[in-house]
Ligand code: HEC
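Next comes just one chain, in structure tokens: the form predicted alone.
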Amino acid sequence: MKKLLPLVVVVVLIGAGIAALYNVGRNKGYSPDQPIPFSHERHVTQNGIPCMYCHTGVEKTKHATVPAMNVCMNCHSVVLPDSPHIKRLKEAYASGKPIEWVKIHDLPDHVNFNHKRHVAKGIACETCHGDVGQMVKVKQVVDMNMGWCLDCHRGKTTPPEVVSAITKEKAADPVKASMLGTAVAPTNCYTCHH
């Protein structure tokens, strides 16, 4: 029995590790409370602020980034300054201490997702993040797992306007057409894992 116990422990640990990896990115419906309530519905839909005003890195880097507090203060130094939530924001800004926002869309470390490339191809933020402009409290609307990404890269769930643009690019560039085949984006491992 003593010889069997270490083997059982190893098997259980391996099983737990595999189960944990299987669930990475499968956070559909995840909507944590944030340190300061933030309504995308108010900012995007009611006030017409585009995603890229606050998420400035999305066109230039692989990260969308959580906005720096000075971006918030661009407006909130005069807009709703007496709100208790804005007062907390101002206090944090004045002290130089960041707000500890809770990450919602969290991919595993072994995945290299590039926002810049997707934005450049015309993929709307809503494709992956849902209609955030209607969310008072942001939630993850899809399981961002490898199969979900590959379905889009293979053209199964790709937005029609993107498929149309890629089809035109392939028609104009035989090398690109031969590299992609029937896919609309690369599906080799190195595309996302490097």
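Computed from a predicted structure; not experimentally measured. Don't overthink the numbering: it's just position in the shown sequence, from 1.
Below: the form predicted in complex with the named molecule, not depicted.
In the predicted bound form, no heavy atom of residue 167 sits within 4.5 Å of the named molecule. Contact annotation: residue 113 falls within 4.5 Å of the named molecule in the predicted bound form, judged by heavy atom distances. Under a 4.5 angstroms non-hydrogen atom cutoff, the named molecule in the predicted bound form lacks residue 174 among its neighbouring residues. Although the partner is absent here, residue 121 sits close enough that one of its heavy atoms falls within 4.5 Å of the named molecule in the predicted bound form. Applying a 4.5 Å heavy atom cutoff to the named molecule in the predicted bound form picks out 34, 36, 37, 38, 40, 42, 43, 44, 47, 49, 50, 51, 52 from 34-52, in order along the sequence.
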